[in-house]
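Same chain, two versions here, written out as structure tokens and called structure 1 and structure 2.
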Structure 1
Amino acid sequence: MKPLLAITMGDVNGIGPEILAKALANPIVTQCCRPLIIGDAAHLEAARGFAPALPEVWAAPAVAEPAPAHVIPVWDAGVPAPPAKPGTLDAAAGRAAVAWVEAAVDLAMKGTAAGMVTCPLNKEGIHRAGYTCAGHTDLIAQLTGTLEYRMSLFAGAMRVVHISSHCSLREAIELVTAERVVESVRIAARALRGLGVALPRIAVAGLNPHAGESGAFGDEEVTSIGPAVEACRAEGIDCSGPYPPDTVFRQLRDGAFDLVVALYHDQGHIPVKLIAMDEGVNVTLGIPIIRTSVDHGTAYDIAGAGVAREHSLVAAITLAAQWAKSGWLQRSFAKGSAV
């Protein structure tokens, strides 16, 4: 049976409803999974103008209610969305977006859903609603009780795990510790083994230009990153580095490595989005559920214009479905899978 995926609508004032409608109109999505949209049925129906081939939308009265055949069930988890105001920051829209994520996590943790996929929410919008989390990744980690988790981007051969995500560059530099690099490599190794990569080749990027040149341009490579790489190798992980950050991602693309550990948000995001902006998938690793997402934001500047591209969402859904059917999560969390 095709896996049931809980797919959250995100901020209804962004491009979430539009890319959802366009993705659900693509037969690839309904062929690979049974989508359960956590959001507002009226907003998805209103987006039909952007995707006339969208199947019939059905407002599910409860998540356990069997859906009629050939429809897209939409459940609001008891939190209907406010009226749409495309491109507008709205606390009510932020509040609904968070409530839908909470519902999807609950379904995935209970095993009702095989995994979850998220459309973008707006960080300022959820802060206006009273939430303090930095975004999806931190919120889902809190809801699953996960202490060590990492944001990552997957786009074909381009796989990048970040040791930090949404924080200032100054704070990100302070997070470059041997302990954090080691745990990031372990999480990456578990994920790759779960995907069937028998002997993962993991590269660690340097923080400074030319990977510091033996301390000439900064000493983090000598004091933290290098020792972390050696510690991982002692555990049996094929880990190497630190590599100059301006060349290691080209080596990843050319097949020299299976994954790169990036030292801060933009270091990892820029190369992936440059090469595969429309195909990139944001994956949260280290949590006990499957969670994928688009690799972009709410795009308020084009919300409601009908020009948003759904390709990243389609990639996120198909990747989550692939992992759910393959038993990836079980393998990645298997005892001893880190080495």
Structure 2
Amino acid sequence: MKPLLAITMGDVNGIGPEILAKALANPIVTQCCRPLIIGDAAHLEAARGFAPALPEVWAAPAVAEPAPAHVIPVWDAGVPAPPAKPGTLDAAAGRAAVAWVEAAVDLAMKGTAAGMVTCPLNKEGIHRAGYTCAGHTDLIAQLTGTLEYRMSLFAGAMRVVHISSHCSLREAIELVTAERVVESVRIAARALRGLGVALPRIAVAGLNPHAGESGAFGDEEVTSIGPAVEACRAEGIDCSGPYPPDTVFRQLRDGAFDLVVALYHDQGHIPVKLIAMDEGVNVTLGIPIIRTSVDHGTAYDIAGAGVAREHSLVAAITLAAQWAKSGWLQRSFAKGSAV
């Protein structure tokens, strides 16, 4: 049985409806999962011009309603979107986008959906809808009641878990603790086992140039990162480092490791975004549900133009489906450990 994935439409004034239409027109997507779109059927239908192979769309009156065969069910969770105004910030569109994320999280938490995949929403739109969280990921963490979660990027061989994400670089340095590094390595190891990597090789980057050169340029490698690596090894994880940040991502690209734990947002984002063309996937690890996302924004500047590329969304869906089929999350929770 193919896993049911709840896929949110995001901000309808961005490229969400267009990339959804294009992704759903791709047989890879409908072969790997049963997509349930949480969004507005009229907006998806309106994007058909960009993706003639889009299967028939069906506005599901309720999520429990079984969809007719070969039809894409779209459920608006009781919050239809306003008419499209491509490229325009609209509080009502923001409100709908947030409601859809809430509905998708709810379906995933209940187990109705095996996981969720998100199209981009506009942060300012979230704020106008009355939310104060820093963004999509933080909203989902809030909704799932998770305190310790990790923003990750997956793009081919480039797999990176960040020990912190949207905070200043100053704050990120303060978050470099042995505990956070250890927890990140554990989270990464479990996620990779969920992808079938039996003994994941995890590298931890240093914080300072040349990984500090034994304390010459900063001591975090000596006082917290190194001990964290040792602690993970003692748990039986194939973990090594801290490595000089300016060469470890090259080693990752070349296959020396399965994943790198990055110590701040840009340490991981710079190399992944430089190499990943369109296939980058943003993954939230540490939450009790499977959640993947495109790694780009609403792209208001090209919304409605028909030139948006759906590759990141297709990659996000297939990755979520792969995890869903593996039973990874269920096993992790059965063991009493966080994901």
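Sequence positions of structure 1, starting at 1, serve as the residue numbers. Under this definition, the rigid core comprises the largest set of C-alpha atoms superposing within 1.5 Å between the forms. Not measured: the values here are computed from a predicted model.
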Of the two forms I pasted, which one is the form predicted in complex with another copy of the chain: 1 or 2? 2
Under a superposition restricted to the rigid core, does R201 display a Cα displacement of 2 angstroms or more between structures 1 and 2? yes
Determine, after fitting the two forms on their core, whether V71 shows a C-alpha shift of 2 Å or more between structures 1 and 2. no
Let me make sure I follow: superposing on C-alpha atoms, what angle in degrees does the smaller rigid part rotate through relative to the larger between structures 1 and 2? 12
S240: how large is its C-alpha shift between structures 1 and 2, with the rigid core as the superposition reference, in Å? 3.9
